[in-house]
Each structure stands twice: as structure tokens, then as C-alpha cells.
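A single chain comes next, written as C-alpha cells; it is the form predicted on its own.
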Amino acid sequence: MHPLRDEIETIEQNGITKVAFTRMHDPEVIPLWFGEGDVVTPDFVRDAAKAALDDGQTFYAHTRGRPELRAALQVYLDGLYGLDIDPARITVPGSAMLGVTIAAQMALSNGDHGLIVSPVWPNIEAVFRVTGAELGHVRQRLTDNGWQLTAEEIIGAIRPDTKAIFVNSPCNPTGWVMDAESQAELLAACRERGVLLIADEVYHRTVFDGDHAPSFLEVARHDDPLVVVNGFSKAWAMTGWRVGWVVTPARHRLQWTALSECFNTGATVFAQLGAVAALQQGEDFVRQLQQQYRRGREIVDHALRDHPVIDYCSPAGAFYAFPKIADLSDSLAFVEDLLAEEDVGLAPGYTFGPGNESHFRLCFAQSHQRLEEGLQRLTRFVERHHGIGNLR
């Protein structure tokens, strides 16, 4: 008998790292594969973390997060959305991905059904699968007006045994943004049916119409079956810090205390103090990144919008393009060949869920000069292989 559960034994590495780990630190590569830019975390955040280290802040902290960070998060969220959030609802377990993991573990077990809105970042599927639950997908539709999905389509896929639904808005990789009316409709259905809604809002400040995306927090009751996951990685250029937060029903604070302790003991203490500085001093920096990402989207629009082979639509949020090549049947081979021939790193479409084999993901958070060069190499590669049958 093998000691591993089938769900663990059969788990696969996601397609992004499968490609990226082969040449992750190669200076010749233009890395458009991961969800990060090349702007380092700002000085005031790093200085706060260094000051915490110098002050000896290296001991255990509360598993739900340091009080000053949770207080700063309440101020930030209340100000952004016009709310009055009970601080008992806020937990900082570690990374945002850990927040998704704990939420899935709380809701799903063997024999349950978990529903995922896709295309979706591949690690979400892995988190759902290791619970033993059966997975279902509701796929966004690529239309002339961009990626679309209605609340009715998601609700229509709910089964009697559905225990959790995952929604990422703004979406990695498509840039789809769910509107507030649809959020309210979906949340009402989850409330009625007792389904946990896991809402990933880590790209909440990366939208191209306005300052922030609609949040489920704005339409939720305090006791709704809702976990809103967010983090510092994207809006404050803190990908390596691994600090995220969740907003949950207050009645679940004991469970989040216990599971945060089990999974991670708590977020890194001095990183949390850097996160406090990000919230209190970082608004100008957030807006600078917003401008960088807007310009990045313009560069991608210019390069791909009218390309004769590449089918591209401009995203409404996040900082990714998710183009399609109609006759492409092996997205992994496509990005591997591009990497070998042109030193450009992309993410293969297949890894973002079923129905995406003809797609690839491109992150446009990099500096504009590198992005433009990467796009030139990409289009040169596609045009060199313009007989689509030559693309494996």
C-alpha cells in the first residue's frame, strides 16, 4: 500500500513553474511568466521591516496577525470601500494563497463538489483537489466585448453537493472583472444554499477603469458564507514577502485562529510590520504602479490587437494578456519553443484549466522597455512559424 492519498500521489507541477524553473534566473530571458514586475518593494516598506528586525521583533505573534496590522487593514478597507468592518473578521494567516488553502480545507472534503470559475491560476485547482472534493468549472466566455460570465451561469452550475465556489476578480489570467450586481446575485445564492464563496481579490487595485475593482465586501452581510482573500504582493510590489489577509464571518474567528496556527503558526513578524507601512504610507506608490500597468496594457494592445494570427482582447483588470492562436494545440510546446528560440518566458494556457490549450499568458507588469522587446520577440517567433500547422 502506498502511504500517500491518491489526491497527493497524482498532483502535478503547474505549467508556469514547469517552464520557468528551467531558466528562472537566466539574465538573457525576458521573464513574462510570473505575476510580478521588476519594481522592488519601496524603501519605506523595507525600512519598516528592517527597523523591526533591529528592534528584535523576531518572536511569535498572534496567529491571526499582529494587532497593529489588523487595525491598519480595517482602516484601509473601510476607507477604500466605505465600510465599517468588524476587526474580528480580519485574519493574516501568511500568504494570500494560504488563505485560499485554509478556506478550501474548511469547506471541502472527500465526496463534496467544489466549483471554480475559470480560466484560473493553476494552484487553485491543486488546493481544491487535495481536499478530496470533485472539481467543476464554469468557464468565462471570450466575446467581442472581452471575457464575460454572468452570475446566472455560475449559479446554474451549483449542485446539491457543492460546498465551495472560487471566484477571482479581477481575474488571473483573463482580466475579467465581476460587477457589483453580479457579485450580490451570486452571494445571495450562496447564502441561500449554504455554499462557501471564496473570493480572491488580490488584483483589487489593478483595474483600468477607476481606482479599484468592485468587492464582495461591499455587498456582503457580516455573517455571509464568504471568505475574501487579498494580499500585498500585487498592489505594493511585495510578491516575495508572502503576507496576505482574509475577511471572514466573525463567527469563524476561532477556526481561523486554530488553522492559521496549524498551517503556518503565523505570518512572519517583521514582514507584517513592513505591511503596516505599506498600508499607511503606500497610496502614492500604489497609484504609480497603476500608471505603470496601464501603460503596459497600452503596449500590449498596440502589439497584439491587430495581429493577423494572435487573437487578443484587452483586459479590464489585473496585469495579464491571455491571447489565443486558433490552431495551436500544444501550449506547453509553444512556450518552450519560444523560450528556446527567443529567450522570452510565457505561461502555457493549458495550466489555467480546461479549454485553454490554444492560449498563453503574458504578464505586462515588467518595465516598458523589456516588455516591448519581449513582445517584438514573441511576434517575430509567431510570424516565423506563421504556418500554424508548424506550431506543435
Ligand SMILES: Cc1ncc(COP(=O)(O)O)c(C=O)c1O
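Keep in mind that this is a model prediction, so the values were computed, not measured. Residues carry their position along the shown sequence, with the first being 1.
Same protein, other form: the form predicted together with the ligand, not shown, and the subject of what follows.
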Within 4.5 Å of the ligand in the predicted complex, heavy atoms considered, which of 307, 193, 242, 294? 242
Tell me, out of 118, 172, 91, 272, which residue has a non-hydrogen atom within 4.5 angstroms of the ligand in the predicted complex. 172
Would you check, heavy atoms only and a 4.5 Å threshold, whether residue 206 touches the ligand in the predicted complex? no
Contact label in the predicted complex: residue 276 to the ligand, heavy atom within 4.5 Å: no
Proximity of residue 248 to the ligand in the predicted complex, heavy atoms at 4.5 Å: no
Within a 4.5 Å heavy atom cut-off, is residue 127 in contact with the ligand in the predicted complex? no
For the ligand in the predicted complex, the stretch among 210-218, 197-205, 139-147, 78-86 with residues bearing a heavy atom within 4.5 Å is 197-205
Taking the ligand in the predicted complex, which residues of 78-108 have any heavy atom within 4.5 Å of it? 95, 96, 97
